[in-house]
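This document opens with one chain alone, in structure tokens, the form predicted alone.
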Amino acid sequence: MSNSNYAGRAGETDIKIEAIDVRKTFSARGNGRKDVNNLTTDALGGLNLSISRGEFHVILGPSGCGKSTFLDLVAGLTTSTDGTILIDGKPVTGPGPDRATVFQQYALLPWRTALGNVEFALENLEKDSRKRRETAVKYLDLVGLGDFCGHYPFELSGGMKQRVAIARAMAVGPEVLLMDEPFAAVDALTREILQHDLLRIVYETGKTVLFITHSIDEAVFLADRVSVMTARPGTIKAVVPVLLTRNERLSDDIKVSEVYTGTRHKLWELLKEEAAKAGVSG
């Protein structure tokens, strides 16, 4: 069964994101204590990964393995201790308009409406207020919130707030969408609805997505490929393709299909050993 969800395959020439022997070490601040001033934590231990243009790539791993650290490096929010991250073959040196990040927390401005929150992201990109508003409305429509443009965050459910956050990220026109457990804070039913909506949006826009999660089911449902990370210091243990077509992925009985259950079992087998290591190491 072939997967037609993204244009290229990692390992071919059309690579969008590439990590080459990426390492990240954090130093303890110590607060003046001599016994902890020189302590360091190795978060990433030489991570190598290629993600194709238009691919939906999910990173799965135990707590503390460096998943979010890696996403921050791709976003340009922090720098690696060693190694290189490339976007379209060029080193990442900081944040850029080619990337947008959606976090677990919605981070909406409470004094702005849904429309105002999306427009805020456009203020440095588009001087024409009419065009900003048209773009904001377009992306709120895309996430199903066209009728809620005038609502403030306190008037929206958790799922709606995250839709606004996604619309805000999409409105700036990024080529890469970075998502750090964006659905972790919502209830199970809302999470499934948002997963379906996200796939629809990605299919319509052709974005490259790097998505972080702890959930095996979420990884199998969303991903073209899943990278399983080792316990800290994190590296890529295995990359597993999810051989589902778009129509199969969005069907009602996908989670009882042989491909889904088989892939889920494979990911669990890869992950459980790393989860045990993470538990032992703290």
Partner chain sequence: MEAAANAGRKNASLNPVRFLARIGLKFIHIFGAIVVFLIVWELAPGLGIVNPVIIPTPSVIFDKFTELALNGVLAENIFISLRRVAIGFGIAIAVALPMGFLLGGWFKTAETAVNPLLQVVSQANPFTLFPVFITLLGIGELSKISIIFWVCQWPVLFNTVTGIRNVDPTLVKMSRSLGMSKFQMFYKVLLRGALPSVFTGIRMSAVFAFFMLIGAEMIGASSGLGYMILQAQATFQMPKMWVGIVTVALLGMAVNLAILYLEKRISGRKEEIAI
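Note that the structure is a prediction, hence the values are computed from the model and not measured. Numbering follows the first chain given and starts at 1.
Just so you know, the form predicted together with the partner chain exists too; it's not on screen, but the next bit is about it.
- Residues Gln105, Glu155 and Arg168 are all found to lie within 4.5 Å of the partner chain in the model of the complex, as judged by heavy atom distances.
- Checked against the partner chain in the model of the complex, the candidates Pro95, Gly146, Gly173, Gly116 yield a single residue with a heavy atom inside 4.5 Å, and that residue is Pro95.
- This chain appears without its partner; in the model of the complex, the one residue of Val137, Ile201, Ala121, Ile85 with a heavy atom within 4.5 Å of the partner chain is Ala121.
- Of the candidate stretches 208 to 216, 193 to 201, 138 to 146, 72 to 80, only 72 to 80 has residues with heavy atoms within 4.5 Å of the partner chain in the model of the complex.
- Interface membership of Pro110, defined by any non-hydrogen atom within 4.5 Å of the partner chain in the model of the complex, is confirmed.
- The partner chain is not drawn, but in the model of the complex it has no heavy atom within 4.5 Å of Pro91.
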